[in-house]
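In the block that follows, a single chain appears as structure tokens, in the form predicted alone.
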């Protein structure tokens, strides 16, 4: 049988958000479910596997695969239903978190879980089951979904799954390997205004960090902390913790005009050019000073003080500087985020900070969060904490960074830790499978139902042995 050839003009080079992993693929962008069916049929006729892609915000290789058909769902981005009396939104999978808040916030509703950027699509966010700064309180995004519509890869009828269906918790969190999520019904969160109250706590070391999370855990709506990864000795773990609460305020704060991030830094420098300045600073010596200055500024200007921020300004820190990831070009960056049970977190995180210092590869940014367990098949949730570390990759240091990442992963795994596929770039497959329990068996049951021919793939799935 002669296989159908795919149009050469669809070939594009694609990368993960971190820019450290790349692959060419045949990119198709359907606008309807029927067009998505046609792309799946075309892939079968061509004998190609299919990788699903949204806005490409997964850091590593979850949305790329060498010479595969790339089914880009970004053009299926309509909000098809919104009920401000119940807070239930219905949207196509390509709608982004930004699309959701812009539609719903004027009516006093906010997405229950958001990542650090508003650009992920709902389909991608659910495939990775994202968490936010409120993970310890409300869990992951999938816990707030009323139903998803799933298109099987054999082109069959769309199936609606709710949380009571056995395969729901496998498709959500399934890394895009268990059918196409084409529609989502999401329960949003009612908010009293478009602002949050934010309190800063300067932390001199790990004890202060963990004490702050414990102190505000029962009260705050959001918690997050920055870690200075260059600090040594008794100062290891120092940083700046923030707790935030939904704030009362005038209805005008709900409007997009109040939420829009400024287009210039200090009213002068266009944000679109800021990444060029970051690129100049993006080296070990400069970042050591930047981290020290940030810690000093937090101690002087923010410790014990409370201010107000818009929900967008507080939630989407990564969007303050458009294209900030370009500051890591040409090699890109790798983020290692490990999730460790509470009883072991302080010891493991301190060990990890020392490991990166001994390697001379200090993370330029460290972020700590609190989490809880959930029921999803490929869950990263633990009753504990996560520490995210960003590492610049160059041609000269790539092997050393990957070796360091492997050591960081193993330190978490030995403590009963878990990993987050949205951030993974270089995780060892055996380590991941050890961490996930029966999650792969549950994923495979969902694949038998929604991908019976096994055409869905990704470079990450092949690397980790998920198929």
Partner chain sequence: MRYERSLVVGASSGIGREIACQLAAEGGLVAAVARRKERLDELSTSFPSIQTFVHDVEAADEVPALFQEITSSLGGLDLVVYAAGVMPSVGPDEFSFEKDREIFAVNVLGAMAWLDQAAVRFGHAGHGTIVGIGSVAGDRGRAGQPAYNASKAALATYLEALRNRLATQGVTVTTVKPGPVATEMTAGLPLKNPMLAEKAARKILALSGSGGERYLSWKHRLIFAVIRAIPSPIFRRMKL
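Residue numbers count along the first chain shown, from 1. Source: prediction; values computed, not measured.
The same protein also has a form predicted together with the partner chain, omitted here; what follows describes it.
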Are any of the heavy atoms in residue 466 no more than 4.5 Å from a heavy atom of the partner chain in the predicted bound form? no
I'd like to know if residue 433 sits close to the partner chain in the predicted bound form, meaning any non-hydrogen atom pair within 4.5 angstroms. no
Verify the contact flag for residue 66: yes if a non-hydrogen atom of it lies within 4.5 Å of a non-hydrogen atom of the partner chain in the predicted bound form, no if not. yes
Residue 419, heavy atom within 4.5 angstroms of the partner chain in the predicted bound form: no
Contacting member of 37, 48, 409, 442, with respect to the partner chain in the predicted bound form [4.5 Å, heavy atom]: 48
Where does the partner chain sit in the predicted bound form: which of 66-74, 400-408, 50-58, 421-429, heavy atoms within 4.5 Å? 66-74
Relative to the partner chain in the predicted bound form, which residues of 341-376 have a heavy atom no more than 4.5 Å away? none
